[in-house]
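We begin with a single chain expressed as structure tokens, specifically the form predicted alone.
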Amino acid sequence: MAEHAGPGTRSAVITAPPQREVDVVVVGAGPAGSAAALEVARAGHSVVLLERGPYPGAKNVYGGVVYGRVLDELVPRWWEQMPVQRWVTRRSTMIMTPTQALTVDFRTQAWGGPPYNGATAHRSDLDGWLAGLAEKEGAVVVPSTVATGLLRSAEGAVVGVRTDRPDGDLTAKVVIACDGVNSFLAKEAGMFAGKPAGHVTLGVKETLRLPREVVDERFGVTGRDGVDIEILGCTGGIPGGGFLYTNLDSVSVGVVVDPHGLAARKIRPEELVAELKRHPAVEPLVRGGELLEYSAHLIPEGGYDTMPDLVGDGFLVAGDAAAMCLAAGIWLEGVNFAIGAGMYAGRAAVDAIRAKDTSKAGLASYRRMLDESFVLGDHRKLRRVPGLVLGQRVQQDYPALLCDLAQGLFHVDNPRPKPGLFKLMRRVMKWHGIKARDLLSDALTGVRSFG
């Protein structure tokens, strides 16, 4: 699979001074794009929000949980409006081998009331809600429209986009690219030049219908309380992980895996999901579920070091298009980073337009706001983690080690005396061929990253 593939020389040059039709064009009505359009419209500037699907959310797959606190800045009392399936009050990390499962399970009712922590939601509902907020403030949402390329001035600044509509050119003072993980606009603008290739994973998900009372009983929740389970060691030796979370009257189960690993193993992703559903620790939770949806989506998981340049002349990049997805093992987040980045991109565009300077220098406040916020703060802090959590030892060796260690600790083997913890640890390390120096090195990397 080619990295950073896509068009790079399709920009159309406008030789005459462009007559800007709108102040801002945002490409992509996902969380980043809608947040950007909302900020621009709220400031009283004209903004067009282009969406290639027939409606915002139509082309999205939701495979996780949304953390909404960033919305405190954007939508007051957002929890009274956001389309939520369940509020996550129980979060588990399950480490498994084909026959074992070790689960760290945490629950708190502190997450079951305002301002809440995390929620499960359907992306079609969430994206539609955010785009609707932008529309109410004056943004013009144009669905079923693909931005096929950039428009540039003779000096090279981005001055709009070309679309697949018959009257397709749309000029603007600022273009904000929120066109997803495979952002052709960011590539065309040269924002990835000199950057390392990003790691992209493939998320595949099944949504299974189950009666609400069955979901409540199996996962031990009531009302709108919900469960998010992240899983390690469930992908047949292919780098990645799994997930299982509750909706109101359904559950979502799936895996996120390296597509190169899939190709090397010559296995289809739905086979991995089927294997996960048959696992003894998962099967009782999903038994009898009726398949409502099967979906797949690429996810940028390369982290901070694979992000493109974020600011150009007349041009900003946000969300998945800028690889703003955190895959750090215990933290798997993306929508919150997209909302934050979109919000700051919208504010930077407004500031630059008011200052009558939409050059790279005039838009530089975008990068500054990101640097001062959780968006780049978290990614910078955890920049070494993708290399750690996607490695062979964390993906395959350590799950087996931890499960065998737990089995040894809890196994009663009378009349033999119980083994000491360190003796047991040395034994399972030898079984799995794990060297102490590798374990120590990975532990230090983890402490430095998460500490």
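If you're wondering where the values come from, they're calculated on a predicted model, not measured in any experiment. Counting begins at 1, following the sequence as shown.
Heads up, the form predicted in complex with a small molecule isn't pictured, but that's what we're talking about next.
Q: Quick one: from Gln85, Asn336, Thr97, Thr207, grab the residue that has a heavy atom within 4.5 Å of the small molecule in the predicted complex.
A: The option sitting close enough to the partner is Asn336.
Q: Just to confirm, with a 4.5 Å cut-off on non-hydrogen atoms, which of Gly329, Gly302, Gly203, Pro308 contacts the small molecule in the predicted complex?
A: None of the others qualify; the residue that does is Gly203.
Q: Within 4.5 Å, heavy atoms only: does Gly346 come near the small molecule in the predicted complex?
A: Gly346: no contact with the small molecule in the predicted complex.
Q: Using heavy atoms and a 4.5 Å limit, would one call Val40 a contact residue for the small molecule in the predicted complex?
A: It does not: once the small molecule is placed as it appears in the predicted complex, Val40 has no heavy atom within 4.5 Å of it.
Q: Does the small molecule get within 4.5 angstroms of any non-hydrogen atom of Ala147 in the predicted complex?
A: Heavy-atom contact with the small molecule at 4.5 Å: present for Ala147.
Q: So in the predicted complex, is the small molecule close enough to Leu50 to count as touching (4.5 Å, heavy atoms)?
A: Residue-level check for Leu50: yes, a contact with the small molecule.
Q: Which one of these stretches, 294-302, 358-366, 210-218, 77-85, sits within 4.5 Å of the small molecule in the predicted complex when only heavy atoms are counted?
A: Flagged stretch: 294-302.
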